[in-house]
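First comes one chain, alone, set out as structure tokens in the form predicted on its own.
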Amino acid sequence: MTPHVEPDPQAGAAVKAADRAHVFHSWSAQGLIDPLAVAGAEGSYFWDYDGNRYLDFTSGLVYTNIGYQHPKVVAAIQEQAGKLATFAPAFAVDVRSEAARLIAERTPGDLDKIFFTNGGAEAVENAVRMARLHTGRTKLLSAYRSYHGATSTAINLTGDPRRWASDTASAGVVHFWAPFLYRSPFYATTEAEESARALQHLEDTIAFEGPATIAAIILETVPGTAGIMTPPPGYLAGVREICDKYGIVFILDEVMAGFGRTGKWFASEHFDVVPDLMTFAKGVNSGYVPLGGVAINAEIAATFDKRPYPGGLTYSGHPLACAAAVATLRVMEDEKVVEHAAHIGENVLGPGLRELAERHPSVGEVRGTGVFWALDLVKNKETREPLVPYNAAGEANAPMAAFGAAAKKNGLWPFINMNRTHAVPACNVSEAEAKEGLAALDAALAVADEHTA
């Protein structure tokens, strides 16, 4: 694939100038950033106004599960805009009903009622509200090494440094350690030990916080930005048992892991676990129009049969977003995108990343499944010291910055968080594209290797 526009640096400079004059960017010191001006995108690639093309190993923010500009989804949005561009959420609208039906067909168990939001953070906010109202309790438990969104309650639930500036310690949130054998907080040496000790730690936390005070436990089924740490066998089933024991609502956050990312429609299928509430967004329509939601089980839905649910959004179930979801889910079904993601993970990305780990001293561990992988980069494989310190910035982060620059020089746009790089291309990435990405990672890791001991 080649860029679909002729290089036009002057146009790119104008785009950049307008951005710097008027756009306020998230998670950034505004005077220190230099955002790339993007001229176009298609499939697994995007390009700038200078004609440089990049293989996107980030899927945007891990949401373009069917790649950029899929013609069937673009056409569906255009068709819906011509038919009914918008309508208030209190009405029954055909495309909204169909989107809900298609999502409910794929969610596990009896998660058959769908509350639509504009994105993942709002989904988490509303799932928590439902849990609190259903139980009459207020306290929430969530894990360190997690991300649940940037709105008020969601950011307090989050377990990474993005929480710190907004953490008022007043949202009723208690954090606990979830399992992560490579950097075990429980001194475990096997997955079985890690699972058992993590479950005991969780139950101890509940005991000391007071079981009757806890409305919900929320977990990312497979934590995403925090490091793609697949939970060990038995852990999520154990959390399900603990929630049942104490009458606690179990919420699984599938905003990033859902809709094919792990090689299943939802990551919970890998563990045969059904939560009470499931949040989703991102891949539900590949991010073409903002959409998220909460899938609700029958018991919690019944709480609001006669009692009004005190929540709503002006754009809940927006027709354009729902049209994109309907088209995306049909594309994924027709083109067997979920099965393809599983194939790419098992036969291309998994083996390829493990082979890189064998050759590069900077790669401490490879984790993942489907098109959802992380490389844990280290200074020393024996000590597992991270390549950069936790939440490093400035000069302390220089090794990861050098790695990122090398990846981009080789035509790969990398996903980097702290001492990790994630391989999270589109779920329909081709074998050739995945191998192209592996080759670019190989070259970039040689730069990371220079910082090992």
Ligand SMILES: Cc1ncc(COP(=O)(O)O)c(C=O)c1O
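One rule holds for the numbers: they count along the sequence shown, beginning at 1. Please read these numbers as outputs of a predicted model, since none were measured by experiment.
One more form of this protein exists, namely the form predicted in complex with the ligand; it is left out here, but the text below deals with it.
Proximity of V371 to the ligand in the predicted bound form: non-hydrogen atoms within 4.5 Å are absent; the residue sits far from the partner. Proximity of R261 to the ligand in the predicted bound form: non-hydrogen atoms within 4.5 Å are absent; the residue sits far from the partner. In the predicted bound form, none of the heavy atoms of S362 sits within 4.5 Å of a heavy atom of the ligand. Using a 4.5 Å cutoff between non-hydrogen atoms, R96 does not count as a contact of the ligand in the predicted bound form. Per the 4.5 Å heavy atom criterion, the ligand in the predicted bound form is contacted by stretch 115-123, the sole one of 133-141, 115-123, 379-387, 240-248.
Taking a 4.5 Å heavy atom cutoff to the ligand in the predicted bound form, the contact residue among S195, T230, Q80, T225 is T225. Y147 is the sole member of Y288, F180, Y147, Y235 with a non-hydrogen atom within 4.5 Å of the ligand in the predicted bound form. Contact annotation for 246-260: residues with any non-hydrogen atom within 4.5 angstroms of the ligand in the predicted bound form are D253, V255, M256, listed in sequence order.
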